[in-house]
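Quick setup: one chain, the form predicted alone, written in structure tokens, and binding and motion questions come after.
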């Protein structure tokens, strides 16, 4: 793995574990096995490296979601597969956790990929929900946009409940609940 890739991967891990403030350039360099000169040769500073890390996390998240939502099955089966996919529930969502980081939210450049990722996810889920509604798989009165926002909110809230409880069970209950609501005729 190249030095820039090691720096980006280390930053991704540290952002997920510690947040932006808790991610020091020294910690990034230590985890990446790279010196200060290497870091500043490839990136102008911590914000530039954090932006690359957040962007890579967002890209990977989108690719994983697309793989599931473009897969076989009804709209509800694909939504269920997405919501029930293997996750590190107690660590939280690597993008969602960034919304709780005041420094990320205060910086328009760092906030942008977070906002764009959630907007993309809502739009992508809304498209699957609309497809299911139009095919008669879901309730004819379902409004895809607000329902997609609800699904994302339940998912993110499930992470919060699980972390607060120290158990993935509240997350799984939230997922079961939203799927039960969508399954009603």
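Positions refer to the first chain, counted from 1. If you're wondering where the values come from, they're calculated on a predicted model, not measured in any experiment.
Below, we refer to the form predicted together with another copy of the chain, which is not included among the displayed structures.
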message: Only one of these stretches, 24 to 32, 155 to 163, 38 to 46, 61 to 69, has heavy atoms within 4.5 Å of another copy of the chain in the model of the complex; which one is it?
response: 155 to 163
message: Residues 102, 114 and 169 are flagged as a possible site; in the model of the complex, is every one of them within 4.5 Å of another copy of the chain by some non-hydrogen atom?
response: yes
message: So, residue 73 and another copy of the chain: in the model of the complex, are they within 4.5 Å at any heavy atom pair?
response: no
- request: Flag residue 118 as yes or no: does it have a non-hydrogen atom within 4.5 angstroms of any non-hydrogen atom of another copy of the chain in the model of the complex?
  value: yes
message: in the model of the complex, is there a heavy atom of another copy of the chain that lies within 4.5 Å of any heavy atom of residue 57, even though the partner is absent here?
response: no
message: Residue-level question: is residue 127 within 4.5 Å of another copy of the chain in the model of the complex, judged on heavy atoms?
response: no
